[in-house]
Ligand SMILES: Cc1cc2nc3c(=O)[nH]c(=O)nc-3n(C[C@H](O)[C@H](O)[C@H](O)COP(=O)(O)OP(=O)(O)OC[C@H]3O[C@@H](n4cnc5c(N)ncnc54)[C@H](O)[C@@H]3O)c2cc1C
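Below sits a lone chain in structure tokens, taken as the form predicted on its own.
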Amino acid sequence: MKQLQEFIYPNSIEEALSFLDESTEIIAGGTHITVSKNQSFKRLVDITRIGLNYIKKEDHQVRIGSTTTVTEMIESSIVRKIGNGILTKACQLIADTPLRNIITLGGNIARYYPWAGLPVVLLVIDAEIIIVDKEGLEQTISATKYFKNAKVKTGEIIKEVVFPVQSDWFYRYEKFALTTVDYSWLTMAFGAKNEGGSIVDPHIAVSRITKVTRVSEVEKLLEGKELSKLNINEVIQTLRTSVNVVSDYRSSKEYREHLLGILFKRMLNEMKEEGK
């Protein structure tokens, strides 16, 4: 941060937006600064005082402000109702306590580093991301669109994330790591409805082994299938061939492909058991 000249605490979204340009970096928790390769910014704008720290229940949805911390989400009884606890579980598996106290919802999805734990949850639960631009105009982007080809641009701020509350869905989340506070080797989430013993509207998302993405090939294969007659081995094989799994120094591509199949097979078996 040798180029840093200003550190600003705006008191409103409008004030924060007025400072944003190519030489400015937005922070809330600020953890990304420690791993960012771009250290050319001259101004840091801390948005923790602009009123985006909240969790609100409205009808059949929950709105969570972007500067809400992971710890605050874990402690919220409202958040526990989202996806039958899937968001709470994902939050509990992020880093350690000191980091959970400063990592924010907005930060986790604005940067979406490979190890970020929340993007897969947003994808399977059909969350919507509200972004405000420099003119004060708001746009609502589906999580699927956001993680596929959109990104927060210079002059924009993530205001909040809107989560539907769907108690009749089956949801599961898995993070595989050496320890609970280690970087993930594989992050995966699954959601679907069980209608009369058949899988309806399945959503599968993975990250860390590849760019965060939904696995549409497997979703199509599962749609309408009866759980009792499901050929799980066929599903797992399709899953492994549909995801462009990458290797890194932690584990090989082959190991991660095997792990991917094991975790998803566990989720499908749990859905079978829950439906009995």
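Quick note: we count residues from 1 along the sequence shown, nothing fancier. Just so we're clear, the structure is a prediction, and the values are computed from it rather than from any experiment.
This next part talks about the form predicted together with the named molecule, which is not shown.
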Partner-contacting position among V162, I125, I94, I199 - heavy atom within 4.5 Å of the named molecule in the model of the complex
I94
The one option of H32, R43, R214, R63 with any heavy atom within 4.5 Å of the named molecule in the model of the complex is H32
In the model of the complex, which of 80 to 88, 202 to 210, 136 to 144, 97 to 105 comes within 4.5 Å of the named molecule (heavy atoms)?
97 to 105
4.5 Å heavy atom contact, V243 and the named molecule in the model of the complex
no
Answer with yes or no whether F170 is in contact with the named molecule in the model of the complex, where contact means some heavy atom within 4.5 Å.
no
Any non-hydrogen atom of L239 within 4.5 angstroms of the named molecule in the model of the complex
no
May I ask you to state whether I27 is within 4.5 Å of the named molecule in the model of the complex, using heavy atom distances?
yes
With the partner left out here, which residues of 227 to 248 have a non-hydrogen atom within 4.5 Å of the named molecule in the model of the complex?
none
